[in-house]
Structures are given as C-alpha cells and as structure tokens.
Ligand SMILES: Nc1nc2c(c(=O)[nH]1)N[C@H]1C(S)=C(S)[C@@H](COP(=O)(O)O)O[C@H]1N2
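One chain follows as structure tokens, the form predicted alone.
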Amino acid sequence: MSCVNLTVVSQFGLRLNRLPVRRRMLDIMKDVNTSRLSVPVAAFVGLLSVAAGLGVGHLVAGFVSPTASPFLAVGGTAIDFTPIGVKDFAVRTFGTYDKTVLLLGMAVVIGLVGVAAGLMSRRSRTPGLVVILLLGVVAAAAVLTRPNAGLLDFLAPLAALIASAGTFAVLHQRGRASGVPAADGAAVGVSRRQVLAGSAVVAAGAAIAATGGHLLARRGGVEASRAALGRIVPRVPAPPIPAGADFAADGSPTFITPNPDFYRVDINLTLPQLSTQDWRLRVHGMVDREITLNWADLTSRTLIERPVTMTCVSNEVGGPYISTVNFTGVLVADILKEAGVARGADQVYTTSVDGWTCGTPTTTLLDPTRQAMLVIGMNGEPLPIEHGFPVRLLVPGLYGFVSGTKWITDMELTTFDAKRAYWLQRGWAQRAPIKTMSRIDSPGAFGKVGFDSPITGIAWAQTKGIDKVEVRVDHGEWLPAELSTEVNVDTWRMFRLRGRWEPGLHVAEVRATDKTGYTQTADRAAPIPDGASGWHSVRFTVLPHPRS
C-alpha cells in the first residue's frame, strides 16, 4: 500500500477516534447545563454566599467606619423602626442581652434568606443572584441612611454585594459541575471533595473577614486613650459616704455601684470609638456666642464630684435598671451662661457622635440646684466606653432618654417646636421627671428565708428625696421601715423592716413617700412613655422555725 493510502487511512482513523470524544464532551456540557443542585448543596451555596458578603462588608467597614457594616446598619435600622411595644418587650425579656438577641435573630433570618436563594436556584443561578442583589440594596439603604453616614460608607455594602454574588456564582457552577458523571462513573470537572474544600475556604474566609473588621473597628486606640488618663481627680471631691448609707449586709445593694455593675440600656449595636484627642463639643444655636470645646478646654474647668442615682425609663416596677456612682464632671450651667442663652430657647438639643439625639429643658440645665454635668469620670475612673467615654451628659432627676446623651459632641440651643429628638419622634414623653419609686431586694422573688430575715430594698425620688418607706406583709397594715442615712436628695435610700414571720408563703409590698409629701401610687403604668408606676411586691417562703 502506498504511503498516500496509509496517510489517508491514519487520518480517517484519528477522525473516527475523535468523534466519540467530541460527542461525549458535548453530552457532558449538555448535562452541566441541565443538571440540578441537590437540596443540601443548594442550601449550602446560598448560606455561604450571604456569609461571605457579611464578612467582607464588615471587614471593609473596619477600614471606613464601623457603622458602615451592612450587618450592623441593618440592625440599627431595625431598632429605629421597631414598634415601642416590641422594644419594651425585648428589654423586659432579655435585659442587657437584647442587642445580642437581635443580632442572633438577624443572623438567622439572613441565613434563611440565603438558604431560600440557594433552593430557588437549583437549575439556574439567576433567582439567587436576584435575591442577593435585593439584599445588597437593602444593606446599602440601611448604611447610607444612618444619621452619621459618611461619603465612603457605600464601599462596605458594595463590597458585600460583590463578594456575595461572586461566591454564589462560583459555588453554584462548581456544585452543578460536580454532579455530572462521566462514562466511567467518575465526577467530571470538579469533584465533590473540591467543592467541599472550596466551601470550607469560603466559610473560614467569611469568619476571618468578620473578625478582622471587628479588630479594625477598635484600632482607633480608644482604650489606650482612656487608660492614659489614669485616675480622674476632681477639684471639688464628693464628701465621704457616711456610715449606714446602705443595708448591704441584710440584702440591699451597696450604696455605690461598681462600674462593671452599672446598668446599660441604649440603642447601640457597636460602641462608638471616640478618643479624647478627637473629641469636640460645639455649643451653638440660639446663643449669644458659639463655643467649641476640646478635651483640654473642658478639663481645665472646675471638676466637681458628687454621687447621683440614675434610673432608666425602661425600668419595670421592681426592675434592675438603677445604679448610683460618684460622677465627676463640669457644670453645664456654667457653659451655657458663657455662651449666653437667647430668650425663647426652651430646649437644649444634644447629639451623640453616632447621631442619636436628645432634648432637655433649658431651664433644667440652668437650674443651679440640679448641678447637671458634662461627665468625664465614674468612681474615680474615666468613663467606661459603654457609658459614653470620653464625655456624657448627666441631669439628676430626669430619665436618660431626655437627658443622658453619651458620647456627646453637639449642644444646640433651640425650641421643642423646632426639633424633635430621637425618642420623642417615637411617641415618648417630651419631659420625663423620674417618678418616686421603691423596690424590694431581699427576700428575692420566690426566695426562701429564715423566720427573722429582714425585708430590705431601695427607694428613690431624685431631686426631692425620700421621707418615708412603708412595707406591708400579706396585705396587712403598712409598717414604717427603717431608712438608711441620707447622702443627698439625688441618690437612692435603703430601707429595712425587721420582724418575725410565720413559716409558709407570704407576699410583701412596698411604697415610698418623698419629701414633697407625695406617696407613690398603686396604679400600674407601663414604662413607656414616661416611666413605670405601681407598688413592687414579692412572694417568698419562710422556712420552718428551728424549734418547730
């Protein structure tokens, strides 16, 4: 056979061999295009994709601004639009863990949305990408509508959207390719092991990114700024706490609350990070002259120290949101007088560095008997970050939502008609003086005590002072309780009732009378809009007498 014939035969044979390969490849591509993700893989792809987006968004926010985090911005927006009843329920039910519960709930909801996006996309990735795009729009809107949003804040939700969509597209493609069998039964293109390895890398990357964002958000050195201050030494120290100021040995709180035990209730999912070097306070509006104070300006003024009891409006009858510390700061009245308050300015509208606002009556801040302060210290230490470091506002006798601006950076003299503060926009009271109240601390609810255990607790009526506390057991006659030594009218006062109780189940109730002669009402009122009211009661069991 000639060489020409051999060549023709060889080429023909090669073509015969190539045809099945091409046909098989075309079949494989067709299988990839028509294959479906399994339910577990589809759900996992959606879940990992949203996790990647949240992690990357949080990381980028660490470089730009902590409040630019899509996750935190959505959470903050959720808090802003939460109905008052739901917010009140959350605080009442979860206490200081309400924000943790919110974040966990958000994570679960977002994860379920991701799972749904994956399940919708078993054949085509288009539905999932549409869902991710919608999530990105929601996140961007939440970030850009925060009160303190900056020009670069959009980078965080944009990065989150790109990361989430890209992860979804890649994992979706790999998941479908791994499900296509070859002629010999082996997986074609990407093995299931490779898909699992890639998924593990995505999960780890999301966790690392989120952790990195958290660490970057703290890079401002606020803890170092706080630690550098050392002890806060007032020029006018508080008088020593007199003996007999509490009945802690019999179950009342200590008169001074340690800083770590001071209650915290606010709307912040992440704590503002503001150093003393960066802090400024602008006093402006209806004033004769505008003033801007930095840290050195503020601390060069006379620092006074005095114990004050603070109470949160969210406190239910018998609730835990009340504490007393020695606050150190500068009198607000002196600063306002220096600025010169114009006639008609009935509101001091204060703003936190995170955009939260508060409205306080001007006459209250100017009242020399109130001694409202710009506070820089608690119990001799710089303010803890969670309580407003470096500077917060304190006004004795008013609930914090109309007086207690933390991380304060702006003070505008205006009118209540012109501006409505954060909680006033949500239906809370415009003026909210703290109500005369009392609470039983020992015995605790459903506690078991001895036959001669005293009944102890606290009473408060800031700016008025406590004159009398009465306790009754099993709805009997009201008995006057022993009062602790009074420190000042702006602090709580402890009470104690000694007696001998019969074994069995009992109920104790308490009521207080302030120095104006007002006795707290038995009528129950919810905390919102201006504070709870009613008598606190506890049920307790007296154990059998030793000789019975």
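Residue positions are given as counts along the sequence shown, with the first one as 1. The structure presented is a predicted model; accordingly, all values stated were derived computationally and were not measured.
Omitted here: the form predicted in complex with the ligand. The next part is about that form.
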### Query
Among 473-481, 435-443, 249-257, 306-314, which stretch has residues whose heavy atoms lie within 4.5 Å of the ligand in the predicted complex?
306-314
### Task
Quick one: from 349, 407, 168, 460, grab the residue that has a heavy atom within 4.5 Å of the ligand in the predicted complex.
407
### Message
I need to confirm a contact call. Of 267, 271, 131, 161, which residue comes within 4.5 Å of the ligand in the predicted complex, counting heavy atoms only?
### Response
267
### Message
Contact with the ligand in the predicted complex for residue 176, defined as at least one heavy atom pair within 4.5 Å: yes or no?
### Response
no
### Message
Given that the ligand is not shown alongside this chain, does residue 370 nevertheless sit within 4.5 Å of it in the predicted complex, heavy atom to heavy atom?
### Response
no
### Task
Tell me, yes or no, whether residue 400 is in contact with the ligand in the predicted complex, where a contact means a heavy atom of each within 4.5 Å.
yes
### Message
Using a 4.5 angstroms cut-off on non-hydrogen atoms, would residue 387 count as touching the ligand in the predicted complex?
### Response
yes
### Task
Between 341-357 and the ligand in the predicted complex, list the residues on our side with a heavy atom within 4.5 Å.
352, 354, 356
